[in-house]
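Below, in structure tokens: the form predicted alone, a single chain.
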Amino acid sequence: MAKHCKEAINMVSSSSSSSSLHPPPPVPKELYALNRSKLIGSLRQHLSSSNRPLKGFVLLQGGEEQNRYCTDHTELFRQESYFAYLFGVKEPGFYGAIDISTGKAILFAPKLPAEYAVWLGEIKSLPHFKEMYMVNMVCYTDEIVEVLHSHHGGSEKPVLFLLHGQNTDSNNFSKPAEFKEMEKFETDLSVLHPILTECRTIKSDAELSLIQYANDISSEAHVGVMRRTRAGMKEYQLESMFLHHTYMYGGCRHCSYTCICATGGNSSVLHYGHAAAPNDRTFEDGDMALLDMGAEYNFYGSDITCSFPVNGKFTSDQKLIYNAVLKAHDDVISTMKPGVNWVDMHKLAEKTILESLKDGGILIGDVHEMMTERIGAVFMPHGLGHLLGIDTHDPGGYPKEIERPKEPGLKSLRTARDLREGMVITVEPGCYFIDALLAPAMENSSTSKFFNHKEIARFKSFGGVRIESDLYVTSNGADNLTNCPRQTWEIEAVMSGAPWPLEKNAADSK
């Protein structure tokens, strides 16, 4: 093992001679002002249609630093996502308000003690934050009541529109702002959340540029990991190489989510990589790897999965499963456009995979019957994809008017919406051999007939394959923001040392 650890370290070190630093793209200062303007426009429209006055304030509370349990170790802070969307503030302890009648934005900064400068650095002035975050005014958090009342005028209590609503991915609720003397305001907990969530579902050009950058550096890191993978290494070495590349060469301090570095049978564990399954297996010659990893830049993320043989050469069985998933991935992308329903895209992916498995002798019978019996969910129990942006699973998948499907597989979809121009959504079909799903289906009297029991037996420890790309929905289709080797021959070429993207003559020869 020591030999493989040393070899991996040497590979990562030597990569610095061929990799170059990517100056992170400047973040347009107007980005958050545009987001606020979009929100206020939607909020005014809603209030007008409800015959309510165009008065009051949107008020959000930013995130707070957290210590590790009872210790003085402060975890690396990452801003609450809705607050990041509207204000872009990187520091903890802030509040932000937007005057609905004027659109003016006010930040409230924490008043830091003098000793902060000794231990944590310069105490920034209020004008610094005003310029940094392009707001109209910055005050201290102990001035919230006074400032909002003076801006409001009039004798009645100002209305505060607070963020409170359920995230349909986690089922957790947003935390509404709290501060002293809230009784001096009227509060509305119902209006803001659905409107602000819907604003986040459509990306501006400025947002798209950040998501594209996160995709570019993450794609490059995936290729680097793929190229340096060798049988006998540990899964966490692949995670480490990815994190090193995106931070060292891309300036991405945060990941969009915990890396999934699954090999062999672990690749059938959909959310592998957590503390109880910590990317720690030593993988062997003949294994498949499933690497689901994405960097985050300036709050905006990426979500990319690559699957490949750790020895750089696909077996016939690996090709069968991989190409089934790749065809589903490509079929969905070629069909995507505004107005297409995401449930239909999931079913298209399922149908494509089932047809490939039937052609490969793993399944038997009529594919339409298989779809009716939900056999697709046995091999792909998760949803086809999800909205992506400031969060890996960006909110807005299930507005109040859209019902979540209840059938196996479909109930795991993170959205059932029709696609709209400006959405960013992942396409991530997969095919897995999960005993907990296969065994009951193969024993069930109504579904057993679809399985070639003898052929499936050899895939018992296969694991699974997932291919995931991030797509931007355009006016007449979708643009793939991800740039990784996908064809089996491309993967084999890159793993044997070919540059990526492949040179034109190499690609033309295939």
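So that there is no doubt, residue numbering starts at 1 and follows the sequence shown. Because the structure is predicted, anything quoted here is derived from the model rather than measured.
The same protein also exists as the form predicted in complex with another copy of the chain; that form is not shown, yet it is the one meant from here on.
Residue H382 is the only one of K351, R281, H164, H382 with a heavy atom lying within 4.5 Å of another copy of the chain in the model of the complex. Residue-level contacts in the model of the complex: of Y247, Y140, F314, F179, one residue has a heavy atom within 4.5 Å of another copy of the chain, and it is Y247. Shown alone, this chain has one stretch from 83-91, 144-152, 400-408, 202-210 that lies within 4.5 Å of another copy of the chain in the model of the complex by heavy atoms: 83-91. In the model of the complex, no heavy atom of T187 sits within 4.5 Å of another copy of the chain. Another copy of the chain in the model of the complex comes within 4.5 Å of no heavy atom belonging to P28.
The closest heavy atom approach of Y272 to another copy of the chain in the model of the complex falls within 4.5 Å.
At the 4.5 Å threshold, heavy atoms of G121 reach another copy of the chain in the model of the complex. Of the residues in 160-185, those that come within 4.5 Å of another copy of the chain in the model of the complex through at least one heavy atom are, in sequence order, N167, D169, S170, N172, F173, S174.
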